[in-house]
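Next up is one chain by itself, shown in structure tokens, the form predicted on its own.
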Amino acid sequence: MQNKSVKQVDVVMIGGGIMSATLATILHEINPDLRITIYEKLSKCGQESSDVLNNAGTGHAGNCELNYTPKKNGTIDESKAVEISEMYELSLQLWSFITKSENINPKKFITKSPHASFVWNKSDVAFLKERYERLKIQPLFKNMTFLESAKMIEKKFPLLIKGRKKLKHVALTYYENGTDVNFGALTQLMIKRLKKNKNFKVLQNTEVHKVTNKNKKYQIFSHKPEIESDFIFLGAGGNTIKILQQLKIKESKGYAAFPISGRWLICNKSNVINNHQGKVYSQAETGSPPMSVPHLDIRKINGKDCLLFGPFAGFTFKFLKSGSLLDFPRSIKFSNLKEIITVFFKNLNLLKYLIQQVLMTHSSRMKHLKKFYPFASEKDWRLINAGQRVQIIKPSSRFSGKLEFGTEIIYKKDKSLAALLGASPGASVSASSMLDIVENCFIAKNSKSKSKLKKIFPSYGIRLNQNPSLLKKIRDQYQKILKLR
């Protein structure tokens, strides 16, 4: 017999970040009658991984991130960069749909910011040139340019060249139509829009203590009255692992979380900022993990430009900035112990790297910055804490685990649960990731919902890289709406 004191909903989402806001937006567009409730432990949505200072803010599209084009068998593989670029195109289409429907000023969450890759030694110049040759023939990257002239690079980014002693081997790829995104502001705009639907509720300042699954229903317990739901989405950062373990989801057996904290050097000096209008990435240093790719970025924060350099890493047991130092120890279970132990021994270099990062002084951080910006002055830069990045540990064989740097969705077999794990490209591909959940869990292959999705995503079901004319048409449309021209 159903308990009348328990509120019944169709969908519960735990974590009020960009992912939950995106999934709720798509679901309400195809079915406004769905009763959706989001739980957020903080006072506002989008304040953890989605927050402007906790997220790189780069609209990850493969334009500048060199770790998305690794060398395989001696040749650069551009497939991941193309895939991520395709996914980011879907995000831009969704954001333009929302902007147009609500008459939102897009500058509140997105601005045009050129994306560049910069290298300064012979082997990296060769790598960057080969990468450019591989990408320039892809329609998605058609407008990318390659510069080997220090004078030409200096015109684009003066800070990179001035004061540099060795200029024999320098190169830069430049993509003018890159973006800077404030995912925290975007999350809050989406939540505000969702609140207009009477079937949508967001419970802020509400931490989920326990989740159970009985009679094909999920029971969510907090200090608020119990809610029961047919479907649950876990978008709670590292806390997703804890809930999966509570529910004993078979598909998540062997999974664990490896928390890494982030830090930025930040500069607010206008004379410095005015000489660096864009986002410049380079190669990760020898011995450092892929997620440590250094970048010097222009950022729009609270309406003002600033420069960020990093990320610098640290280690903490917390899964969230607002989390507990017991998060990681409590997540170690018999079911994932062998994966954690084997990953530990396979990644001793990563642990060494993290220890070195934790012990860094301000002067040593500035030495890394000066590789990008030779004339950087210590007094112009200060250290700030960024967000938690919880990387995925997963089974790789019967006896061991592996560390994954990326974004992954775990589904329960009956498709009544979806859980998001991982980090970059993360928020940038939120539309694609959540669209995957919608397709897997909510709509049949021949559903009328697909025609509604086509209105949100004009390229739905189509590879834009294989359709250059459609790519141009769609880009023209969203660039005009989002004021990215």
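Note that the structure is a prediction, hence the values are computed from the model and not measured. One-based numbering along the sequence shown.
One more form of this protein exists, namely the form predicted together with a small molecule; it is left out here, but the text below deals with it.
Scan S331, Q188, S85, Q388 and let me know which has any heavy atom within 4.5 Å of the small molecule in the model of the complex.
The residue in contact is Q388.
Which of T69, T58, T37, S432 has a heavy atom within 4.5 Å of the small molecule in the model of the complex?
Exactly one residue meets the criterion: T58.
Counting any heavy atom within 4.5 Å as contact, can you tell me which stretch out of 131 to 139, 339 to 347, 365 to 373, 203 to 211 lines the small molecule in the model of the complex?
Among the listed stretches, the partner-contacting one is 203 to 211.
I'd like to know if I456 sits close to the small molecule in the model of the complex, meaning any non-hydrogen atom pair within 4.5 angstroms.
Outside the cut-off, so no.
Is it the case that A236, even though its partner is missing from this view, gets within 4.5 Å of the small molecule in the model of the complex, heavy atoms only?
Output for A236 is yes: heavy atoms within 4.5 Å of the small molecule.
Would you classify W264 as touching the small molecule in the model of the complex, given a 4.5 Å non-hydrogen atom cut-off?
Flag for W264 set to yes.
In the model of the complex, does C441 have a heavy atom within 4.5 Å of the small molecule?
No.
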